[in-house]
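Listed next as structure tokens is one chain, alone, in the form predicted alone.
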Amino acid sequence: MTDQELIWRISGGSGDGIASTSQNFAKALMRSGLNVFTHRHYPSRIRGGHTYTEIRAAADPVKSRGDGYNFLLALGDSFARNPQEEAVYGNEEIKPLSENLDELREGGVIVYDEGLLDASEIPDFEERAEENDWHVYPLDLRGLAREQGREVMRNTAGVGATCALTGMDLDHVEELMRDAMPEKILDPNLEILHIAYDQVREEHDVDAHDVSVPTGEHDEEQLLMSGSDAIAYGAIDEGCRFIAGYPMTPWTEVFTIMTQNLPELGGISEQVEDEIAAAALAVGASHAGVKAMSGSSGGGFALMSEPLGLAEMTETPVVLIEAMRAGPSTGMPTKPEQSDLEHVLYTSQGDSQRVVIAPGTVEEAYDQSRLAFRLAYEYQIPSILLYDQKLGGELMNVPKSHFDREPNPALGNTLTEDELADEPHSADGKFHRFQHDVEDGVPPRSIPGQKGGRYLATGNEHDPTGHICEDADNRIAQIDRRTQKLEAIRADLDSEPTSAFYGPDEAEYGIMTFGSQQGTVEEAVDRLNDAGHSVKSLGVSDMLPFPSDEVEAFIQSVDEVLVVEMTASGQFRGLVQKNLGQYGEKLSSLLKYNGNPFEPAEIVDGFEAVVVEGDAEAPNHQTTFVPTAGD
């Protein structure tokens, strides 16, 4: 496999430029004609602490992180708090090397900065290197950088060494540096790139290993994007011109991208004091007649429960973003998990109505961001886009043509003043904004300031004009009408299904997932079918209203279904069984909740052990198996 793909991991300390270096190298690999996919692992502190980014590059499309990796560039942690082994967090200086060995493949390459790292501090390093046929290249990258006057350039030196050892031409790296770097630092960085490249090729046997950069070619122009990019650009293309928020990992990336772009489009971004205010501002902006959004991660989204309920009761369209992370409470802020599903489905008050969508790929993140706005404004209902740090932070190449769409600034079912004149009004002139008998449960809407559009918007139950009303018949009529929207939305979504079916139609077994694990599951399906199994998959995006017909048809078509998700309690499987309880004995779960996303091999191994061989436990200590209800 090493001659078919490069999986390059760069490790160091948080604050050492690992993310920016890896992003630029991923762009260079993409521009050389390869398909790329990145995976990022970082601590929840500003500076210091072991961090790494992984880039998987291949000529064929890649949908997931790989199984392990084959090239390590360990730069060391220049912000390490304590070099003592007996410290609470151990010897942080050595962790960029010591903590990245378990997943390095046999025959892999290690380049480490001996200016910061001393491999002799790892007791069994030489034995492991020999046992696994690792090819080790200690280089004084820091010393090289200091000679050129800027220690931070050791990252560039590391990229030069990588290119020398993998046979990658420097042209695409140089092109990217010229695009990205200001002139005053460009020349010294180009110089150290070549110095490191030439030194490695002159002083080391670069052909002693089998790790190399593959060759490839794209049929059309590609963009390197994350799910956060796609969500933000989808919102902008769908006409969003207001966002309010408060920073919280990992939602902050969407907030930042929107903040950078909205002013140039005549829009507004507001950073406020807390998430209650953020959601309330978005609801207010939408009420005033602009497409608006807000968002947060788990703890911050909890504060949005009250304004979310207000939007549901006043039928004010708004889009909220929830970027899941490991909880409860602060949990592991920078690690992916999918365990906010039930939180997002059921927060707020009473019998509430909302849309919840969980995209599974970068393309879906763009499409379903636009979909969330369309549904919110056509049906006057809050839409929630649910994703996690994996989808939000991983980068992959996507065809530029995928985003060649027309913008949509329309506000949905709103009335002109001429149309308002023909609508029912009370004796005092108030518009019947919440009239009972309307198509699909969606009443016509006025915008503040319109002649004949005056009504009351209150969080209390209300009559058609918005006046507080606790009459039993009115309450039943209003609840039934608001609930009718979900039936109409489900019918709308069924006309253009968002679920991702993959694999042979007549497969014997099924794997089902939601959100960010979709690409990993699809790669596992390919491997299982290549190994002689008969497997297909279903990636579900619509969490609410749930696509019962699609999911039921999938479950009925196979003998057994393995549900893959990053939760400890099987929340997605629970949602499936809530809607389709009669199939509980067909469903088993493969769960992972250690702060790392699934690798394809973990799903392959889990399927073969659990579904094919009938073992009671998953074969990997990183994953957990929960059997069917009938076992």
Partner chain sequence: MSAFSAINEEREIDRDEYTPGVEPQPTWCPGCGDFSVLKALKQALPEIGRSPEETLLCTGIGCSGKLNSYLDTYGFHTIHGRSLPVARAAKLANPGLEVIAAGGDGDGYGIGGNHFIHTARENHDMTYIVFNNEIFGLTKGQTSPTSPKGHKSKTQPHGSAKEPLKPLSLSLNAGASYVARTAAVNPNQAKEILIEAMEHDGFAHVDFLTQCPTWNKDARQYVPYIDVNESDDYDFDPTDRVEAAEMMRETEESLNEGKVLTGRYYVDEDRPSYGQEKRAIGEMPEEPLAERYWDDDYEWERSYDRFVGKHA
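Note that the structure is a prediction, hence the values are computed from the model and not measured. Residue numbers count along the first chain shown, from 1.
There is another form of the same protein, the form predicted in complex with its partner chain; it is not shown, and what comes next is about it.
- Taking a 4.5 Å heavy atom cutoff to its partner chain in the predicted bound form, the contact residue among Asp428, Asp207, Asp480, Asp169 is Asp428.
- When its partner chain is considered in the predicted bound form, only one residue from Glu191, Glu423, Glu508, Asp274 comes within 4.5 Å through any heavy atom, namely Asp274.
- Contact annotation for the candidate site: Gly503, Ala568 and Leu587 all lie away from its partner chain in the predicted bound form (no heavy atom within 4.5 Å).
- Proximity of Glu264 to its partner chain in the predicted bound form falls within the 4.5 Å heavy atom cutoff.
- The closest heavy atom approach of Tyr366 to its partner chain in the predicted bound form falls within 4.5 Å.
- Contact annotation for Pro407: at least one heavy atom lies within 4.5 Å of its partner chain in the predicted bound form.
- Its partner chain is not drawn, but in the predicted bound form it has a heavy atom within 4.5 Å of Pro448.
- Stretch-level contact check against its partner chain in the predicted bound form with heavy atoms at 4.5 Å: of 525 to 533, 323 to 331, 463 to 471, 157 to 165, the positive one is 463 to 471.
- Taking a 4.5 Å heavy atom cutoff to its partner chain in the predicted bound form, the contacting residues in 255 to 291 are Asn261, Pro263, Glu264, Leu265, Gly266, Gly267, Ile268, Ser269, Glu270, Val272, Glu273, Asp274, Ile276, Ala277, Ala280, Leu281, Val283, Gly284, Ala285, His287, Ala288, Gly289, Val290, Lys291.
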